[in-house]
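Starting off, we have a lone chain in the form predicted alone, written out as structure tokens.
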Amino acid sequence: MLKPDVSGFYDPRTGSIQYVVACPETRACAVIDPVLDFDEKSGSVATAHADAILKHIERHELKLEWILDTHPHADHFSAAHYLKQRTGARTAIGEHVRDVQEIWRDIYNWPQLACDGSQWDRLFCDGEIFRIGNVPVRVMHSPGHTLASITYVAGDAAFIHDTLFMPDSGSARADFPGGSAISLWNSIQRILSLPDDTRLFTGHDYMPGGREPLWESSVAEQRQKNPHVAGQSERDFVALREARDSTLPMPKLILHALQVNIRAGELPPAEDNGRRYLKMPLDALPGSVWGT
């Protein structure tokens, strides 16, 4: 099996990990879940993290073929649109992004939003196979965290986004609009049915206990060490996940980010004064825990 080269890039502001996945034979590569920098206090947007990825690609003489989202993120803006403008590479996401678009079109009262996924170049369905150079990539629909979440299985590496975190950190929340703890459990079981030595790359790390950020584990490690998996039944997991989610405030950028990320990272168009504006719906997520 051809093993891709994987480089992770950590964003401490959001705890997100971005990936460059490269074919060792052809030097073709893909970027997974790139971050567009955003400061909610000043409204400033920047491209430092995305530019660092471009410099890495240039330094290692890689050719960017794909810009891949695992799902529409709630805690950071996607840099997919920016990277496409800079490189011309194709953008892609799972086909169920259309379901997420419909949910958030209603929340934002945005009737003109196209809910057909046309903002991306390609929509992947479950089981579809494409390539990064000579590395075959299989798409696994992995709902639970969101309706649209997918896992990319590239050779011996699986990019599992917000399903499982590192083994010391459990699993991702499932209480966003369209989320489901039962669906998340089933998605995790599909991921853990991969070979034991499959490398698993998670989408976030929040450095529990103050340790350094980590993002790579294996199927065997997750089965043995993750407290949300080891010795748990579906019923236990759902009860644990729902109890935990009921105590969590929403991500601070969820209402900012979704209106950008359901459009493949494209920012709102400038208005007649040259400024762009985000729309902030009030009381859109009833019952949410208030943050501090």
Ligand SMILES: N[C@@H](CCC(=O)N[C@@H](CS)C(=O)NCC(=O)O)C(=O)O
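Residue numbers here begin at 1 and follow the sequence given. All values derive from a computational prediction rather than experimental measurement.
Unshown form predicted together with the ligand; subsequent notes refer to it.
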- With the partner left out of view, is A230 within 4.5 angstroms of the ligand in the predicted bound form by any non-hydrogen atom? no
- Query: Does any heavy atom of R27 come within 4.5 Å of a heavy atom of the ligand in the predicted bound form?
  - Reply: no
- Does any heavy atom of A154 come within 4.5 Å of a heavy atom of the ligand in the predicted bound form? no
- Message: I'd like to know if D75 sits close to the ligand in the predicted bound form, meaning any non-hydrogen atom pair within 4.5 angstroms.
- Response: yes
- Note on the structure: TL;DR on 37-45, 251-259, 219-227, 61-69: the one with heavy atoms within 4.5 Å of the ligand in the predicted bound form is 251-259
- If we test each of Y82, F165, F130, F124 for a heavy atom within 4.5 Å of the ligand in the predicted bound form, the one that passes is F165
- For 203-239: residues with a non-hydrogen atom within 4.5 angstroms of the ligand in the predicted bound form? H204, Y206
